[in-house]
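Below you will find one chain, with nothing else, as structure tokens; this is the form predicted on its own, and questions on how it binds or moves follow later.
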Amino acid sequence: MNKKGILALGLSTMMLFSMVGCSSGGGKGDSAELPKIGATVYKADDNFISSVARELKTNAEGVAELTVDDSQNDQAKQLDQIDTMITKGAKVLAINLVDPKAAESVIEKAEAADLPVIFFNKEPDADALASYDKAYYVGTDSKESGVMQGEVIAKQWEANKEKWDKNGDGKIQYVMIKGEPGHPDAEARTEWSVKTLNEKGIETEELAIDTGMWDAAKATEKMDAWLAKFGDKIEFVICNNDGMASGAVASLEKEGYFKGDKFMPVVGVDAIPEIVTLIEEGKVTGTVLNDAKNQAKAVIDLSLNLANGKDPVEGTDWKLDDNKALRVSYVGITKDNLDDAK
């Protein structure tokens, strides 16, 4: 291959998370005429966030010059990235916070530059959001995901209780793999998944709970340790997200689960493609659809309006609540309604 060919190949395989704007003329005007949106995600290799980032790019094609940066789970790095976006002329900031407590620092930067800022996926404190009239949030109701997960578990438990209640005591003996401590989604999913079960009259017993930090590999390590300690006493594995659910499945497979009659129910949240496949294969019991596609669409729709000096939801079907938050609903997913996830 000649040098020009090598260069072309290299450019064509550049990763999404680069400093190159994700814009496309598409017959709607060249990039020089398009509003600049500066976006940053807390961690590009998070399964769900990578899906959101891809959808941001898709929705920005032909209508915005989009830059998506990977903060690599480093809040200081993210703040530096925001400074660079402002310097390079961003008209709107779209921020997936590393640390929700850093919202005030981000708002200070946005307000000093008189720029709108849309937080997404990680919700800032309501007081921080209220402190600046051009600050908004796009995401979900954290409590709803926990409730939905609890409902998925309850439905599956009632249908399979004779097989899954190994000690016959009528209770679910579970282990919980939790997301990042203090993260609103992690705290709400942990609390409300179990509370929903109890409200439905299903007794539970927590054998173990620990953080997997949203990470599949860490979840595998936790599950390895718990299987060694509790073995068949575990009747259910509850995970705050699908990445950790896939990690739990990897651990269980090493111990011979999902072959013959050896089974362990596992649930997650997000409905990422990998988990949809595992549900089809009978290795995951259920999940909760965290709608990456519509969250990303809402971020871009609001950004375009704000960049053009319009009301954020003008000409859209989106609605803001009293806290300037746009909520995208969850959907409980099992084998019965996999098409909703697909």
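As the structure is a prediction and not an experimental result, all values here were calculated from the model. Numbering starts at 1 and runs along the sequence shown.
Another form, the form predicted together with a small molecule, is not on view; read the next lines as being about it.
Checklist entry - Even though the small molecule is not shown here, does N290 get within 4.5 Å of it in the predicted complex, heavy atoms only? => result Yes, contact at 4.5 Å.
Checklist entry - With the cut-off set at 4.5 Å between non-hydrogen atoms, does I49 touch the small molecule in the predicted complex? => result The answer is yes: I49 has a heavy atom within 4.5 Å of the small molecule.
Item to check | Touches the small molecule in the predicted complex: N121 (any heavy atom, 4.5 Å) | outcome: Yes.
Next on the checklist: Considering non-hydrogen atoms and a 4.5 Å limit, does the small molecule approach Y136 in the predicted complex?
Outcome noted: Close contact is absent here: in the predicted complex, Y136 is far from the small molecule, nothing within 4.5 Å, heavy atoms only.
Next on the checklist: Heavy atoms within 4.5 Å of the small molecule in the predicted complex: which stretch in 111 to 119, 153 to 161, 182 to 190, 78 to 86 meets that?
Outcome noted: Looking at the partner contacts, the answer comes out as 182 to 190.
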